[in-house]
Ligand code: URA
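Only one chain is shown below, in structure tokens, and it's the form predicted on its own.
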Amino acid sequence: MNILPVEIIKKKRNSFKLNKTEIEDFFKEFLKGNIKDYQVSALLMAVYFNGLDAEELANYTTTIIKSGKTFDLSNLKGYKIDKHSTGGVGDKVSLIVLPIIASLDIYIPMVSGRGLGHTGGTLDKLSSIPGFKTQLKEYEFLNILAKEKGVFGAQTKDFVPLDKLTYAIRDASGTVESIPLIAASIMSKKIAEGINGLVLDVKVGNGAFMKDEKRASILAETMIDIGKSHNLNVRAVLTDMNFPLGRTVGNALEVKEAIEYLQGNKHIELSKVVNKIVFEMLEMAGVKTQNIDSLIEESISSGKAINKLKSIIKAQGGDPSIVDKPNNFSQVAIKKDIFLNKDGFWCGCDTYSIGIALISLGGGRKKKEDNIITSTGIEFFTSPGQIINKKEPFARIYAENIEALNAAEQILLKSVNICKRPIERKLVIKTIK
């Protein structure tokens, strides 16, 4: 090894700029096993506090992309597009968007991640489907994409492996919220997919990594700039995450809600985010229609979207019968309805704590090695801004044991604010192109 890792760590710790060779060599040696996780953690923490300038970020992103294989989709004739969420609580948008886009004959290869911190991950949600395979070999991923137009996949050991390794270290070392690290992680995977366009769902609020609009806008602009430097067309939609999104939080519960959505039982607030993301994707793909909303609705009402999801589940080894009987795969040992102690309107929420409540139920990870219990979660019977009757259940908790249920209940009760007046929630904050 021709470098001294500690000197590179100290250089960034002391706010000096790392050159291209230092970044490349440090992470090449890490991939070889010559640099340890704790040393990478130290460098990431230095980046967390001191940031990366545009040149450092470009070099770091390129280093991640070049650490493994990338997809060549040039043989697929047509527009290739993807979407990505920066992470939220109850965010099942990807599960809904992918089959809609694929049903409209637009390619959508989606390499997703697992839960990060208090937020849920698409792969964890999909793992609740019996037999569903996300760890696909490259040829399997590409074959399913060619046939179905859409595919959900996990990072393989060969696909930008540096991102997968640092992703886990970020989660365990308290560096998840770093804007340059988030941007490089997301964009490296998306650029490596070989797509033409990307729509980013950048979450803003107390349940997101970006707590305010200013930081969310900086993150969005950073990712758009990375896209431009790699000839990838990128748009970002800032959406609210001050409440859980939709009716459910928890892996199997969210899959069930996504299925019901595609069958026409749409949560109003969730539909606002879904429609905006799909609208931007279709416009980027060059879809020529005066009413994209009608196109989305037709995909659902005709059954094209739900049938596409069913077909993708089957193609990826899952049990497609859950689409017809989604209640059959989300069974837990204990269910408890939760009541609040006063009437009023649901006007506020500590959404971060809701994510922590799911972790306490076993539906998320405290450390990267943890297995999750996909059937646990929380179902809400009231939407933000709606009136609450203390005599009627506010939510239902799904748990595997009484201790976890009690812990989640206490967190949930403390996280909800009740007011005398309703609130107005702006789900879609703005679009950045």
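Note that residue numbering begins at 1 and tracks the sequence as displayed. Please read these numbers as outputs of a predicted model, since none were measured by experiment.
One more form of this protein should be noted, the form predicted in complex with this ligand, which is absent from this view; the next part is about it.
Trainee: Heavy atom within 4.5 Å of this ligand in the predicted complex: which of Ile306, Met210, Ile182, Ala102 fits that? Just give me the one.
Mentor: Contact residue from the list: Ile182.
Trainee: Please pick, from Ser85, Thr239, Asn251, Thr351, the one residue with any non-hydrogen atom lying within 4.5 angstroms of this ligand in the predicted complex.
Mentor: In short, Ser85.
Trainee: Only one of these stretches, 142 to 150, 185 to 193, 313 to 321, 294 to 302, has heavy atoms within 4.5 Å of this ligand in the predicted complex; which one is it?
Mentor: Result of the contact check: 185 to 193.
Trainee: With the partner left out of view, is Arg247 within 4.5 angstroms of this ligand in the predicted complex by any non-hydrogen atom?
Mentor: Output for Arg247 is no: heavy atoms all beyond 4.5 Å of this ligand.
Trainee: With the partner left out of view, is Phe345 within 4.5 angstroms of this ligand in the predicted complex by any non-hydrogen atom?
Mentor: Phe345 lies outside the contact set for this ligand.
Trainee: Is it the case that Arg170, even though its partner is missing from this view, gets within 4.5 Å of this ligand in the predicted complex, heavy atoms only?
Mentor: Arg170 belongs to the contact set for this ligand.
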